[in-house]
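Shown next as structure tokens: one chain only, the form predicted alone.
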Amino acid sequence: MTVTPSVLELKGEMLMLNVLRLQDVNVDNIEAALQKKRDEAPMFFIQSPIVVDCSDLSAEQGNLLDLRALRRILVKMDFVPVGLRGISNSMLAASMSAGWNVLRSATKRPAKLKKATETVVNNKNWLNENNQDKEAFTQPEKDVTKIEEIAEIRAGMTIERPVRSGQQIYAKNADLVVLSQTSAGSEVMADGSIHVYGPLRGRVLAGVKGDKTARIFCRSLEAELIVIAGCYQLLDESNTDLKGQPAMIRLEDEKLIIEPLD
């Protein structure tokens, strides 16, 4: 009996997803609001998968939404459209015709939480478990669209526990210090430098708002994507011999320099 070798592997994996929660169907307004978010942190959403949530729209509003134009806007802004969720039955045909995948709707949130985006809620709950300051978090501004944001802090952010797969941490106007490890599928970002006192995996973005002096320090360099002030590099495509080793990463002449951490 001939045994056919396996030709694929199928497994579950947690991925980082941005969720764009629409509250307006005017695509010009949507584009302007998205551009405003991108201008605040140009590298924050680069090549990020995004789900468009229409659960806040009425059936009548949904039918007026130009889904083809919306998809073009997201692609132009370097998002990767994953699909729609929370759509009405009357939108199904138009969604398929416009090339959108239709996802199962998420569990409906209590009304009192509607002003908070999902990432803020998730990170707030997780950090509260670690006795972090509850007042360190702010609600996103009311806008025609709401896209997931990370909490704003007043000083440097220190994370004591491992950053799990699917988790996103952002230190705004500050450095980020992770006393443990970051997992594959996680994303850590800071407007300043990033220090990881364990294996650095997943995506790491320092100098998110353009600070070219920001640096990345880690005990074991295993990150999938490294970004400083908009300059990025995939670790698999780099010629460094410091993979799995203590390393410091800095920016010089628009190029990422990976050096041993002495």
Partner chain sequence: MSKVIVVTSGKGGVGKTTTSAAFAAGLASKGYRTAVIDFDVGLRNLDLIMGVERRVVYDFVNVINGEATLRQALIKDKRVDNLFILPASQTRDKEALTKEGVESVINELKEDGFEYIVCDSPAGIEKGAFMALYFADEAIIVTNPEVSSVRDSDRILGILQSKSQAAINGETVKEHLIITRYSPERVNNGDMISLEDIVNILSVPLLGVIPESKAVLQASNSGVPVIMDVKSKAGQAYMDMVERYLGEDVPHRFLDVKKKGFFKKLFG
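Positions refer to the first chain, counted from 1. It should be emphasised that the depicted structure is a prediction, and the values quoted were computed from it without experimental measurement.
Here the subject shifts to the form predicted in complex with the partner chain, a form of this protein not shown in this document.
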Worksheet, complete the sentence: If we test each of 184, 93, 80, 179 for a heavy atom within 4.5 Å of the partner chain in the predicted bound form, the one that passes is 184
Worksheet item: Might residue 201 be said to contact the partner chain in the predicted bound form, defining contact as any heavy atom within 4.5 Å?
Response: yes
Discussion item. My question is simply whether residue 166 lines the interface with the partner chain in the predicted bound form - judged by any non-hydrogen atom within 4.5 Å.
Written reply: yes
Worksheet item: Would residue 76 count as a contact of the partner chain in the predicted bound form, using a 4.5 angstroms cut-off between non-hydrogen atoms?
Response: no
Worksheet entry | is_contact(residue 224, the partner chain) in the predicted bound form, heavy atom dist at most 4.5 Å | yes
Discussion item. Among the candidate stretches 184-192, 94-102, 170-178, 81-89, which one is within 4.5 Å of the partner chain in the predicted bound form when only heavy atoms are counted?
Written reply: 184-192
